[in-house]
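Quick heads-up: it's one chain on its own, the form predicted alone, in structure tokens.
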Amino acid sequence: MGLSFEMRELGIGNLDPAKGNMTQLMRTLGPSNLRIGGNTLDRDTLWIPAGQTPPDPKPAWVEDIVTPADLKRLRALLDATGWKTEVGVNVGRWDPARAADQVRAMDRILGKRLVAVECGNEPDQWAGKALRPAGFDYPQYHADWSACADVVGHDRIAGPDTAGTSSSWAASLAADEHDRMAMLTVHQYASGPDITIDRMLAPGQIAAQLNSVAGNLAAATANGLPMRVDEANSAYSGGVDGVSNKYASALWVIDYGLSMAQAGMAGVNIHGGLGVCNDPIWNGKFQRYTPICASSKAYELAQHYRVMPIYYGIWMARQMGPGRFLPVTLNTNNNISAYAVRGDDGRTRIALVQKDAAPVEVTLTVGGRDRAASVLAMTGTALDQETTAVQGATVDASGHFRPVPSKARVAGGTLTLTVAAGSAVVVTL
């Protein structure tokens, strides 16, 4: 599980390891994947090669400028955190010469940190955004993607980055271009502006999201490609106040991320923006779903951020670590999800996401000898409140996070826990 940001964040000087606490916030999550793209990629970003100045006057559509200096800053951040990246090229407003220069700069500057070049963003919506004529469909997009791939000149390419999770464009591109691709990518949001906490945490929500992506995941597997949901969150168009920016979103993202991993997804990138928390961003919309944001304009300019509840959920999901999923049999009428992973380190980890309004006593039958266990518990004051903690600890102003696990014990092959209302735990054996 990683993060996703708009290309605009790169163009305005954000993601700077020399400023603020972003470096530490990424280190706290642990080495992962950072995707740079979004709507601002095709809509209003212009690449300017080294030694050139932006056109004067700029084209009317240009809002953001990205240069090799921005890529150097990104590389420094990636090196400081151990993360890797996918970065987009503007195909919606295609300029082959600029694209070729950008790709050469990305290859040279980002080097081994560059997982893939993303050729455009949400091409299935280009016609609706006046970037292509009415009737623009997969055959026309495939031609555009091929032109971009020819410029890239290697197989570190991702696509199609569709807004439609179940769009046939992804399966078609996987079949047509798997030899020139590093991964298949789509976007997925739990719902739209009508999402509520009850709906977001309903038992059928995760199943519906898995079902929506299943066809394209099968196509990726059949064509030998890993697949990422490289832009995801609780609700599109910036999220919903009282839902996307509250504690309930932390429970949702644990369930979402682990369910996608168990289904075979290579990764998920949670989208966000680095503006002032709960304030409108550059286009007048909000990004209430963002994991990381600034407390005030002054903090935004200093690139000094605080974390929102969903950040804690991402952190909790990542505590399951690398390994393979184990089968879990769940016997309950409660709204609980459970996942188990046999870690590459030999430890077994079990995640419980408890979405009911009352505490639940859980008996885990794990077998084996009597032994010690440790427990990390994420709790909040209420589903519709912001306050979130793990073992009572919160991320400090510098970005550090040091929750201390509690102790438990397996006796006679079982471990019994009381799991608080609306909480999540990760048990390590």
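Numbering starts at 1 and runs along the sequence shown. Bear in mind the structure is a predicted one, so any value in this text is a computation, not a measurement.
Same protein, other form: the form predicted together with a small molecule, not shown, and the subject of what follows.
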**Study point:** Contact segment among 120 to 128, 311 to 319, 340 to 348, 170 to 178, judged by heavy atoms lying within 4.5 Å of the small molecule in the predicted complex
**Key:** 120 to 128
Review point. Looking at the partner-bound form in the predicted complex, is His271 within 4.5 Å of the small molecule by any heavy atom?
Key: yes
**Study point:** Gly275 within 4.5 Å of the small molecule in the predicted complex, heavy atoms
**Key:** no
Review point. So in the predicted complex, does any heavy atom of Thr196 sit within 4.5 Å of the small molecule?
Key: no
Practice item. Please check if Trp252 has a heavy atom lying within 4.5 Å of any heavy atom of the small molecule in the predicted complex. Key: no
Exercise for review: Tell me, out of Ser166, Ser237, Thr221, Asn334, which residue has a non-hydrogen atom within 4.5 angstroms of the small molecule in the predicted complex.
Suggested key: Ser237
Revision key, fill the gap. Of Asn90, Gln287, Gln102, Gln354, the only residue with a heavy atom within 4.5 Å of the small molecule in the predicted complex is Gln287
